[in-house]
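The form predicted on its own is given below as one chain in structure tokens.
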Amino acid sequence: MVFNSFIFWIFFAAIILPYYTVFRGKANWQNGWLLLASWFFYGYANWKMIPLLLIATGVFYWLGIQIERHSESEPKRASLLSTLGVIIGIGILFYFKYLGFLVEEFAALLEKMGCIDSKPALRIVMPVGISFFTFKLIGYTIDIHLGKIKAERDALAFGTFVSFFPTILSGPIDRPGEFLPQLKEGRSIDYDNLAEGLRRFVWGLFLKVCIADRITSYPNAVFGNVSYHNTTSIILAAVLYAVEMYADFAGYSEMAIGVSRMLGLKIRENFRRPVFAQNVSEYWRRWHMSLTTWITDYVFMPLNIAFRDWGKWGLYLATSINIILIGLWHGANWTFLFFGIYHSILLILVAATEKGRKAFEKKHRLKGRWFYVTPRRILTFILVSVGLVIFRAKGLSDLGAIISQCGKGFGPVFTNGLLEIGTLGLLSAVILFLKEWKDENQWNIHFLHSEHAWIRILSMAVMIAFIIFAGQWHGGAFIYFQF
């Protein structure tokens, strides 16, 4: 059940009507209703994985209470329980996401060495959204152990936090200290929340069906048959895939934020105009922010402290581990490892040259000047696009084929896939860029957020009409559902 489907809109209508009528203002009833809705939503994707979600929720609910109970009287036991929570969370991820891959790779190695005749088959079905709800649970136990939050004793509220249907499949990754307090108060209809939620949902829908699902035809055509294409087409496909990836994932996040807001709940922002980043470090501060801040808080900061005696080399090592883990978080594939290594090299280069760059900018008064900023943004976008080619490759052989084909030189651009994008797809991408440009430069030009009601209503009507007319309604699932 995806946000851009008719079945979801029926589902959401069935949820929100009793939520604001029969259960209006009653926190426990609303939380219980959301919990049932979330389990149904998750089960609709794969009902066989409901037991895993329920068991994980129950185990971490108990762990949180035990960690808090022993934090003062038996701090060592509390620390052990917190460590147990981290091990269980990582263990769930390892089993479902990485074990099958490692077994296959090890078996392939033994087969090449002549130790075995054939590779054993190990089929493990990966639950959708597992990377998102396990990170929620791991962060929950760590925060309790560090004294940042109290253990949640309301089972309905805790279950809703873990399973909340707008975020369970593709995030954003919420923090318990931000989300759980909102569940303590009953929610009533609020015009501002409904209006803002609808605006965010419609904008996300526009990103998904008018841009991502229209653009996807070209990268799919080129990377799906890379041996038939030249460097020119591969470069264009890489650029379009970068746009597709952003529109697809940001579109999901916007819709998730919008749905949550209409339910009277605020969740984390996930993107802040990454196309305007001036270096890769800034890009990661703007891209998938709920993941990057989670990794920074729970992995990078402890490592940075542990390696502080090593000076800048300790910083570089912590940075490398941090970004490689982000790469591997996406799944068990050598390409994700190389994606992380690629970005770690770029981040180390940024850190190593930062002092000299700032001195150069100050000396020549370059900071903020368009002729200095624009080339840096373009270079960052190119570097990110190259990284996404690694990210998209199905395996090392696929990546090798892409690199090999690029070595054969330029030529006429492949145009068949461009025809499927069409004028409406390009116009939609231009609308996205202009909107991002306006927000980045904080121009006082507003349509959906105009102070005049008639402009807001007209803008919303035009946007919805454009989505209906220009949207690609037969697109695939969101890219990040696979993670």
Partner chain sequence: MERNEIFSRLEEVFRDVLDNDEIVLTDTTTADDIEEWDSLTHIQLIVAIEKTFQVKFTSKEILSWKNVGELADCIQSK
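Since the structure is predicted, the reported quantities are computational estimates derived from the model, not experimental observations. Residue numbers count along the first chain shown, from 1.
If you look for the form predicted in complex with its partner chain, you will not find it shown, but the lines that follow are about it.
K.L.:
Consider N304 of the chain shown here, and say whether it contacts its partner chain in the predicted complex, taking contact as heavy atoms within 4.5 Å.
P.N.:
Answer yes; at least one heavy atom of N304 falls within 4.5 Å of its partner chain in the predicted complex.
K.L.:
Quick check on G147: any heavy atom within 4.5 Å of its partner chain in the predicted complex?
P.N.:
Output for G147 is yes: heavy atoms within 4.5 Å of its partner chain.
K.L.:
Though only this chain appears here, would V128 touch its partner chain in the predicted complex if you measure heavy atom gaps against 4.5 Å?
P.N.:
V128: no contact with its partner chain in the predicted complex.
K.L.:
Does any part of F336 reach within 4.5 Å of its partner chain in the predicted complex? Heavy atoms only, please.
P.N.:
Although its partner chain is absent here, F336 would stay clear of it in the predicted complex, with no heavy atoms inside 4.5 Å.
K.L.:
Under a 4.5 angstroms heavy atom criterion, identify the one residue in Y241, F300, W294, Y283 near its partner chain in the predicted complex.
P.N.:
Answer to the contact question: F300.
K.L.:
Between the options R308, K363, R153, K112, which residue brings a heavy atom to within 4.5 Å of its partner chain in the predicted complex?
P.N.:
Flagged contact: R308.
K.L.:
Please name which of the stretches 354-362, 190-198, 210-218, 399-407 has residues with heavy atoms lying within 4.5 Å of its partner chain in the predicted complex.
P.N.:
Stretch 354-362 is the one.
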